[in-house]
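Only one chain comes next, encoded as structure tokens, the form predicted alone.
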Amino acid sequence: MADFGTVGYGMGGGFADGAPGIPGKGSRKAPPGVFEEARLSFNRRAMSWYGIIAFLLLWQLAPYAGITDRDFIPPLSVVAAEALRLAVGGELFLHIASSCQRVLIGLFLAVLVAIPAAVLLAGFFPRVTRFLSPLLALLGNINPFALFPLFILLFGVGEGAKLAIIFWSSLFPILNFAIHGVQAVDPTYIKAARGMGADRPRIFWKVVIPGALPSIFTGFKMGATTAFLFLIAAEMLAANSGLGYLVHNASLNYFIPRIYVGVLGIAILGMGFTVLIDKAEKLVLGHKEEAKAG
């Protein structure tokens, strides 16, 4: 709401020349404060990048200053040159495509299992959910690294074991957040829909699922983050492509710059996936935020 105490009026009922933030009749200049607001807005957007820029500068300068050993921490320019060489030859894009494919398949399988399971447990069988909650918490706290031998025994050393690791690591964050989202739906909405004659499937599609979407998206982001954390380990299991394989092969051959190329590639891919999920969340849930603001 406008603050009427700061607005100056002229004799004729119009705005007087020189009123704060409002140009006079003969003024051709932008209202005072516009450029300052633009500068502050730019600074707010750039603030999150300042730390990254400082880190990259330190990475580049520290080896030359003798702060770090160039044999173990090469300058950023050396790592960038190696990344460019791999990109020109097409090898880097092959590894990125393989890693993205594994993460996407693993996340898709996790979502395919977690969302229906959460709806069934929290929506149809709440008592079973309370009974299974300690078991789900226990399984979710098992480190996938400890299950590597089991995955190899069950799926061999091919793609199955890698996908199983990514699937397991991302399943429980998505499942637990989805269960919480279904349980947190306001019962008043469910009663209202039931009073209007909606059957159970329609209630879940029109009321429960939309109400649980914020928690589902949060779990999806957590699952994607965890999947990228275990991607390197998954691709070290007899893989011949992928950023994890690139890191592992470079470490065996003591090619240090290539190790950093693989690590940075996984970090950038993880950030990219998080940004895409955030964009999708805003696109899907934007109408809710607008409704609240209204």
Partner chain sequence: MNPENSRAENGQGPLLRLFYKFGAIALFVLLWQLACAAGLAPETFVASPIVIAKTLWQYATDGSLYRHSVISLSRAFYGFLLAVAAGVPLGFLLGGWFRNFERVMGPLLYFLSQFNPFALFSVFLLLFGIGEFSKVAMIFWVSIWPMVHNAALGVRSVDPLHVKVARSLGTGKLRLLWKIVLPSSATYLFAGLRLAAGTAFFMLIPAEMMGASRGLGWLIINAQVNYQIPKLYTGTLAIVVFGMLMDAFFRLLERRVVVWKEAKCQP
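This one's a predicted model, so the numbers in the text were calculated from it and none came from an experiment. Positions refer to the first chain, counted from 1.
Heads up, the form predicted in complex with the partner chain isn't pictured, but that's what we're talking about next.
S.K.: The partner chain in the predicted bound form: within 4.5 Å of a heavy atom of each of 230, 264 and 270?
M.R.: The answer is yes; 230, 264 and 270 each reach the partner chain.
S.K.: For the chain seen here without its partner, which of 96-104, 171-179, 78-86, 190-198 has a heavy atom within 4.5 Å of the partner chain in the predicted bound form?
M.R.: Heavy-atom contact with the partner occurs in 171-179.
S.K.: Which pick from 108, 131, 125, 205 sits with a heavy atom within 4.5 Å of the partner chain in the predicted bound form?
M.R.: Checked against the cut-off, the match is 131.
S.K.: Using a 4.5 Å heavy atom cut-off, state whether residue 150 contacts the partner chain in the predicted bound form.
M.R.: Flag for residue 150 set to yes.
S.K.: Applying a 4.5 Å heavy atom distance criterion, does residue 55 contact the partner chain in the predicted bound form?
M.R.: Residue 55 belongs to the contact set for the partner chain.
S.K.: Hey, in the predicted bound form, is residue 259 touching the partner chain, heavy atoms inside 4.5 Å?
M.R.: Yes - in the predicted bound form, heavy atoms of residue 259 and the partner chain come within 4.5 Å of each other.
S.K.: Report whether the minimum heavy atom distance between residue 44 and the partner chain in the predicted bound form is within 4.5 Å.
M.R.: Output for residue 44 is yes: heavy atoms within 4.5 Å of the partner chain.
S.K.: Any residue of 125-158 with a heavy atom within 4.5 Å of the partner chain in the predicted bound form counts; write them all down in order.
M.R.: Heavy-atom contacts to the partner chain in the predicted bound form: 127, 130, 131, 132, 133, 134, 135, 137, 138, 139, 140, 141, 142, 143, 144, 145, 146, 148, 149, 150, 153.
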